[in-house]
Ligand code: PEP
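Single chain ahead, by itself, as structure tokens, in the form predicted alone.
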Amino acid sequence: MDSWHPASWQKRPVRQQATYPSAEKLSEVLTQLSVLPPLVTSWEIESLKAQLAAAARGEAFLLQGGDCAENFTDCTSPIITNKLKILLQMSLMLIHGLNKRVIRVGRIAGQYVKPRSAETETRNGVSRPSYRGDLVNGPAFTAADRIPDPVRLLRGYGRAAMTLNFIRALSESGFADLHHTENWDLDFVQHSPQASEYRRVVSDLAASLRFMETLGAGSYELNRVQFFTSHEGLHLHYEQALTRRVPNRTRHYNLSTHLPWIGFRTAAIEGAHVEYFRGIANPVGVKVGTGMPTDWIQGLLETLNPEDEPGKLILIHRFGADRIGEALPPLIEAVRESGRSVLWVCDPMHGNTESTASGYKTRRYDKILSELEQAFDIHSRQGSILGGVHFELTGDDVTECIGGARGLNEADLERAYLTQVDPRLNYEQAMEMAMAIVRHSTATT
């Protein structure tokens, strides 16, 4: 591919990168990373790409979700299990309601870096480097914690490997067996207003499985589910170190994850991130939103997917409930004019972030749902297909987003506000969102 190679991004303007005190130590760590085993395989990546192409045609649906930013301390059995459970529960609802295959992609096993609006943070007159995620530095506001440390790249790789290993073990051991969906219940779903509807769907699915097996249609696939990983490919040195040529294939693969994406702040066409992403064979996501003119969108399509490969490019739009009605139609039209295929995905979280009077960053459930419902309606009117959703969520009982069936308000945020970056839907709000997608789809078909 012309002059592209895994390090060619280093000749382009780069944003949102950490400044390490020792280039020599960084180089030593990257050399170690470059010879460690890959975290995912090219076969898995190509399988995901084929499934994403089906979603772009309306034959499947992408459910992508997880933490805004993972912490190294999240690498524990209960936390990983709860993340997997909530995505499995949501996908169960979507499969039943949409009558489509659901592609499960977690923001997991690599979401250790976050973009920052400023290089430094100041408290009580003291300025230190901003916390960029556990892959770069520590959250504590001390001089030692905030210094970017390249050894954290190796720790991040290790945490990602352990997380992936546990996910695969759960899947292979039948954790996701559709015959035993009672194992998917989180303890506190017992008290959810949505519990009865969830169990009704489980009962319906169990009856359907028994019918299929009576006809001789049972298979290995009924006992297992595929689960893919994703993260924002922000730390380009880390991504480069895990980018490899694969035997019997002609292109490079980013083997740190199945689906890396480019954030809204780093999607400049001439920038380093787009330069890196244009050369890898993985499917690639791009966050798009207000402030991106149509020629920018068309330029991204040409640069990132010049061959118009099916399943290669995902446009994840994020506008906010108050802006999507005006901003999304021109983008859909720009893609149509280009003649290229993309998978459209709605991220209803980022455009609806606000701060309360008490200083909490939060999101309102009603705003999130409004943007999502508007997205489905706009794509339908435009003759386009919304083929997936992208949520920041957790399987834990947090109070970070306002609203939902329990009517969480600003005062409730203090009870269990655990995120260090962006607010997430809790297990109950996430389930409500899945059921709302099904209800909206049913009402409009």
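Everything numeric in this text was worked out from a predicted model, so none of it was measured. Residues carry their position along the shown sequence, with the first being 1.
What comes next is about the form predicted in complex with this ligand, which is not displayed.
Novice: Would you classify residue 350 as touching this ligand in the model of the complex, given a 4.5 Å non-hydrogen atom cut-off?
Specialist: Judged by the heavy-atom cut-off of 4.5 Å, residue 350 is in contact with this ligand in the model of the complex.
Novice: Any chance residue 392 has a heavy atom within 4.5 Å of this ligand in the model of the complex?
Specialist: Answer yes; at least one heavy atom of residue 392 falls within 4.5 Å of this ligand in the model of the complex.
Novice: Please determine whether residue 85 contacts this ligand in the model of the complex, using a 4.5 Å cut-off between heavy atoms.
Specialist: Judged by the heavy-atom cut-off of 4.5 Å, residue 85 is well away from this ligand in the model of the complex.
Novice: Applying a 4.5 Å heavy atom distance criterion, does residue 264 contact this ligand in the model of the complex?
Specialist: It does: once this ligand is placed as it appears in the model of the complex, residue 264 has a heavy atom within 4.5 Å of it.
Novice: Between 114, 235, 152, 159, only one gets a heavy atom within 4.5 angstroms of this ligand in the model of the complex; which residue is that?
Specialist: Here the answer is residue option 114.
Novice: Which residue, 33, 60, 68, 398, has a heavy atom that falls within 4.5 Å of this ligand in the model of the complex?
Specialist: Answer to the contact question: 68.
Novice: For the interface check, one of 332-340, 192-200, 114-122, 303-311 should have non-hydrogen atoms within 4.5 Å of this ligand in the model of the complex; which one?
Specialist: Residues of 114-122 come within 4.5 Å of the partner.
Novice: Using the arrangement in the model of the complex, list in sequence order the residues of 396-422 with any heavy atom within 4.5 angstroms of this ligand.
Specialist: The stretch 396-422, when checked against this ligand in the model of the complex, contributes only 422 at the 4.5 Å heavy-atom cut-off.
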